[in-house]
Structure formats: structure tokens, C-alpha cells
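Here's a solo chain for you in C-alpha cells, the form predicted on its own.
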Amino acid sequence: MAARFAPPRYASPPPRHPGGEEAARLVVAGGGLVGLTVALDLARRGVDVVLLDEDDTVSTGSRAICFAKRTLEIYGRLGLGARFLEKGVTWNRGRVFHGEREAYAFDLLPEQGHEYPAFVNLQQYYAEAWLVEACAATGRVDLRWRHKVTGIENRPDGARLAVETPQGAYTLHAEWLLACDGARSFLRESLGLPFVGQVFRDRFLIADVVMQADFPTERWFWFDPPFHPGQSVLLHKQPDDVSRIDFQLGWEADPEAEKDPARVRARVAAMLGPKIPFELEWVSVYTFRCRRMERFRHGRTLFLGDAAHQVSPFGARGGNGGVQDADNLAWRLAAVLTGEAGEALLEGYEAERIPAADENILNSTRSTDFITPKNPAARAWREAVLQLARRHAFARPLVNSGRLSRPWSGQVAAPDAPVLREGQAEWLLRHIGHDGRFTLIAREATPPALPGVTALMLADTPRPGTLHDHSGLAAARLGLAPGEAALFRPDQILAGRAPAADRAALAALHAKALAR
């Protein structure tokens, strides 16, 4: 068996003024995946951050394990992409089974020429531990473990937080507060901000199972398998010989009874058969929820991740959506705090991430409706679709075992492609947004110089100081004709296109993207 993860324990710093008051320009509440990601992103942009977390370690259990290509690209920009590829389990393919037979297989990234795959499976605790290390290395993130927020007062000039620690309590005034304290957000509840949406009448059991089995590195989903009749099951491989298995239980199941180790072992043994030994590492039961806050910004308090929105686990939209919240907000807030832009720039966070959350919720709701039919007619339709999918391609898009995470359809993220720089093999995305600035890419033309913008030429033939598009994939994926330029925001999202010779038009795109 592979070496098992040893959860780190972080020291809890004492209050600087026990019983007194402190002030901070920016506070992140919640040291999970999203809170650590946004803290690291801001720190790399030169912003000092105070991060509060009520625990002194990383998350327990695998939790958000499927890191999508766009999320991997974000972590690549933050300097962690290589660690995900090295440790994680890479996969692009999946299979859907109906009963004992395969209904169909799919490939999420059939084309070549990308640094990152469709998905990497990795236990969330690894990602969080790496993020803690990276935050500490910046020297700009004040990590305060076992500093629990017990009260909040929202004010026009920020938020006044009551904080308790093992060494005493204190008050912290935050000019800006990022609420990343999860699905049971204390901050959201304290401010009386409700969720809007649905809680579905179904439950699933999660089991992290340590075993050495001959399953391929693919996503396998069963409808009505013989080892769990009438229900659904999902299987994912993870590092360290750990597999994640989700068993549908139904609404009437008793969550506490289902977590009994003997009961879980019986379910896993029925699935694996008598020849595969296994151990249980972590067990949990969850309920499908698809809902969000009406607004994500409340004065100078902004909500991200599960604190702002929740989706069903199938489809890997929760953790990925939260990381993309952080990616969208960090550059905006950094621009406001450094004086590059006014507070109007923050309006774009809600304008983009609320529709993105709605899209995730819509896809997640449709998946839930297919996995858990609400009436006999819906179940009969599902059975017909699954049977047709075995032989007929037209039925396969109708099968919904979880529409897997994709970036919000309302914007265009920069594509990746292989390029050469002075004859050395590189990736296009490594040149977009990695310096924290806007990026202007012009094909076969000299891009104009704009303040705060990194300018690059994409060349069809080798030239000094350019990115050589030796395969033609970069221009094709960017959709750039010769003489055309594309401007990308610091989060690698397309801001617009214009002729490379039209400096005024490109400057206007830059100003618009900064909400000037």
C-alpha cells in the first residue's frame, strides 16, 4: 500500500492584543480550499491578508477530489500545477453502466496539445496542505489557526469581527472581508442572509476505500448495478491506493446507521467481491442541495465558494466553482486595493459569478433529477434512455450521471497550446496572467505598449522575442487572424479583440475591463 497522508497540525498564534482590538485591510474567514486559494492569489498580487480558521489542520476525507482542467490552469498560474500533476490521478475518460452492461464510454479531452488533462483526482487535504505552504512562503498571509469568528457587525467601512482563540478573545476590524467559511457559513447565518434553491429528497454515502484493485483510471458510474440494485454508484480512483465510492441510499435511509463501519464494509464487499481486500479510511453521508445566496456582495463583505452557493457533488462543480470564484475576485480586489481601479470593478464579481453559479445549479439539478427520478414516468424515461444509449449515439447526451465541471459559458478562458520560446518548448497559458497583469497577444504583428499590460507577439515562423506557434494550434484556438490581437484579463479571461494596429481600441478594451 502507498504511504498514507499525515494531517499537519498548525500552531495557533496568540492574539496580539488579548481583549483588545486590531485592524486589518483584508481578512479571509475560512482556511479551506477556497479561502486558501483566494488568500494565495491576493498575496501573489502584493496584498497582505489575515486568514482566520477555527481549526488547526486541513480537511478530513477526500471531499472535493475532481479538479477540472480550468481549475488546474488556475493552480498552474499560482505555482502549484506541477504538484497536482505529479501526485494526482489523471483521467479524461469515463464509463456509464446500466445494470451489468456498459451503456457507453466518453472522452472529455480527445485532442492533444494541453498541459493539463480534463481532470486530476486528488484528495482535498493534499491541495489544502500545499496551499498553506504556498501562502506561508509569500510572507504576506498571516495564518491564524484556531481563531474562530464568533460575531460580525457589517459596517460601511468594513466588518467588525469578534474572534475567540485558546489564548483569549479579541476584536478585529476588517476593511474588506472575504467569507469562505463553507456551506454552514457562520457569517452568512449571522447576517441573516438566506439560501435560495432546493434540497433534494435523496442521500448518498461516501466511502474512501483503501485497496489495490485493477480498476482503470476512469470515472465509472452505475445505474441499478447488481451489487446495489435499484440505486446508483460512482467510483473514482485517487492517490495512495484510495478509491472514492458513492452509494445512493434513498431519502428514507438513516444517515447515522448507514455510517456504521460494518454496514459500509458490507456494501463495499458486495461491489468488489471476495478477492479484493480493503480498508475504510473515511465515511460520510450527504444530501443533494442546489441553492445560492441572492447576492454575493454585502458592502465590503463578499462571499465565495460553498458559503455563497451549493450544488450536488456529482459533476465536480462545487470545489471547482469555488476556486473559480477566487480566481474571478482576487485580481479585481487587488486592483481596487492598489488603486489601479475603483470599487465599480467589484460589480463584475457578482455579474459573472452569480450566472456561473446558476449554470452550475441548473446542470446539477438536471443531474439530480436523472439520478433520482421523481415519479414512475421519469423512471421509465430514464430506463429507456439508458437502454437506447448502448446502441444509439443520439441517446447518449440524454444520459446524465453528472454533467462534469466546465467554465461558465458566458465568458471565454484563454486556451492552451504548445509554443516555442527561443526554440524551447513551452505552453501558451504560462505566458498569460502569470505576472499578475493583463496580457495582449498579437498574431504576426507588433502589439502596442499599454500601461499595466504585458504584450506578446504570436509568430507563425521563428523570430527572436516572440512565441512561435509551430503547430498552428495557438492561433487556431485563440481564433486570431494575422494582424489581430486579443486582450486577456489577469485571470486569463478574454477581455476582447481588436486589430493590433488599433491602439485606441485596445486601450478602450483595457479601460472597460477595469470598469473605468
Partner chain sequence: MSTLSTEPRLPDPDGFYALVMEAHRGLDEAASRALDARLVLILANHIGDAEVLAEAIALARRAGEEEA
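Numbering follows the first chain given and starts at 1. None of these values were measured; they are calculated from a predicted model.
One more form of this protein exists, namely the form predicted together with its partner chain; it is left out here, but the text below deals with it.
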Item to check | Triple contact flag Leu456, Leu473 and Ala475 to its partner chain in the model of the complex, non-hydrogen atom at 4.5 angstroms | outcome: no
Item to check | Per-stretch contact check against its partner chain in the model of the complex, the hit in 286-294, 404-412, 261-269, 380-388 (non-hydrogen atom, 4.5 angstroms) | outcome: 380-388
Next on the checklist: in the model of the complex, does Pro376 come within 4.5 Å of its partner chain, counting heavy atoms only?
Outcome noted: yes
Checklist entry - According to a 4.5 angstroms non-hydrogen atom cut-off, is Leu398 in contact with its partner chain in the model of the complex? => result yes
